[in-house]
Structures are given as structure tokens and as C-alpha cells.
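Just the one chain here, laid out as C-alpha cells, in the form predicted on its own.
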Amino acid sequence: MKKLYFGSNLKMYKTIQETVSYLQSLYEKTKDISRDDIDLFIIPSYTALESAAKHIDQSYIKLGAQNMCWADEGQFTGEISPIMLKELGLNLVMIGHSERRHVFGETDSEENQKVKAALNHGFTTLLCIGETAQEKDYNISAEVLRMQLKIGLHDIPLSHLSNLWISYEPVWSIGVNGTPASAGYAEKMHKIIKECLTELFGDAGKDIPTLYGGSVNPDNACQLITQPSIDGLFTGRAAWQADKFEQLIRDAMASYEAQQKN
């Protein structure tokens, strides 16, 4: 069976101590699950990263940064460089979250620079893509995803693909008022993503994990994880309590395993 991916972005929530307590609880509740079967990752705020890295065994829970500058150093006030993140012992960076794109105005070309920098420094690089509600209404979701992939992954060598993950997060499904995509719609978009990755990288593109994120919750997690083109769940607020995230992970794994036996 394929490995499944489960993770969460804590956004601008949780203090340093709250983050450490959450991670320690999540570790205790999930340490019995073989990491040959799952990859589990959490992306806290910058201020919590140093303490989190000191208190958590990253062979059980990978820790990631929510954003990263493409430059190693320079006159970039307010930015964080890959060198600084490596100093913390991190092994994952998220690039292109919808809030970076639509709140802070980042472009596909900027995401490409960041993806290249992250991969060059050996980070597992999670590139987020997704269409807006308006783009969905215009029936151009596939074109938007393909453009974000083709620009965001431009000039990426095959040798770096083992560190590349993709998260599909439809913008209209994220946040407190987000509407979850149906499992059928999510699968349709994930098939498009898989096809585009194969166009870009040949057979090697088939091995790039693609995760679904966008109002993942206990009611839809099992339906989503059993879709053939979905490799993992990038869960929002439904993951921010360790016991609830543990249950979601175990239920999703059980659903996937049951499907494989049928």
C-alpha cells in the first residue's frame, strides 16, 4: 500500500507553549503508527519553530515553515532565509499557500523562485495550488492549476523530485467560511494535477505526493483519502486539537486499508 500523508498548517494561531504542548500530545497519541505507513507534519508559526524543534523528534512529526525567502541573505526586511531555517533543523517548507498568494500578492514566478531555493537546500517542499471561486465559476479550474504547476515548477531538475509535494487547496474551500470540495471534485482536480506532473517530469511525476487541503474534517476525510489520486490530507482547524487529529488520521487510515482489501 502507498504511504499516506497527514499534516496541518497552524497559521497565526497558538503561542510557543501551546504549540509545544500540542506537538507533544500529538506525538504521544500517534507514536504507535508506523512512519513507514504515514508521513505526519505540522507547520507552526515562525516564533514557535525553535522551541518545537528542540522538543519534538522529527522522525515522528516533521516540522515545517509557513514561508521562505528565495535568497540566502540580503536586504529583505521581515523575510526568513533558507539558511536560517536550516539552522533550526527543519526539513520542510510550505510555498505558495493561498493566503500568501491572495492576501500578500505573491505570484507564480515568485513561488518558482522559492521552490527552487527550498529544493536546492534539501528541504521537503510543499507547493500549494488552487483556484478561486470566481475561476471555478468560469470553469477554468484546470487551466489555473496547470498554470500554477507549470510556472511554479519551471526548471526543476528530476533529481529534486523526491523532495517535492503538492497540496491542492481550492481557495473557496479554505477557512472558517470555506465550503469543502466534494470527494468527486477533489479527485477530478487531483487527476489533472497528476497528469500535469507527468507531462512535466515523465514517469517520475507519478511519484510526487499530492495532498488535498480545504475544510478537511471528520465527516469527509475518509471519502477523500480513498480517492485514487489523493495521497494525503492537509487538514486545517479540524487538526488543531491533538486528540481530534489523531482520530481523523486513524479513521482515514482504516478507510483506506479497508478499500485496498476489497
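These figures come from a predicted structure and were not determined experimentally. All residue numbers are counted from 1 along the displayed sequence.
As for the form predicted in complex with ligand PGA, it is not shown, yet the points below apply to it.
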| property | result |
| --- | --- |
| Partner-contacting position among R237, K29, K194, K62 - heavy atom within 4.5 Å of ligand PGA in the model of the complex | R237 |
| Among 80-88, 171-179, 149-157, 135-143, the region lying within 4.5 Å of ligand PGA in the model of the complex by heavy atom distance | 171-179 |
| K11, heavy atom within 4.5 angstroms of ligand PGA in the model of the complex | yes |
| Contact label in the model of the complex: G214 to ligand PGA, heavy atom within 4.5 Å | yes |
| E106, heavy atom within 4.5 angstroms of ligand PGA in the model of the complex | no |
| Close approach of E110 to ligand PGA in the model of the complex, 4.5 Å, heavy atom | no |
| Within 86-124, the residues that have a heavy atom no more than 4.5 Å from ligand PGA in the model of the complex | H97, E99 |
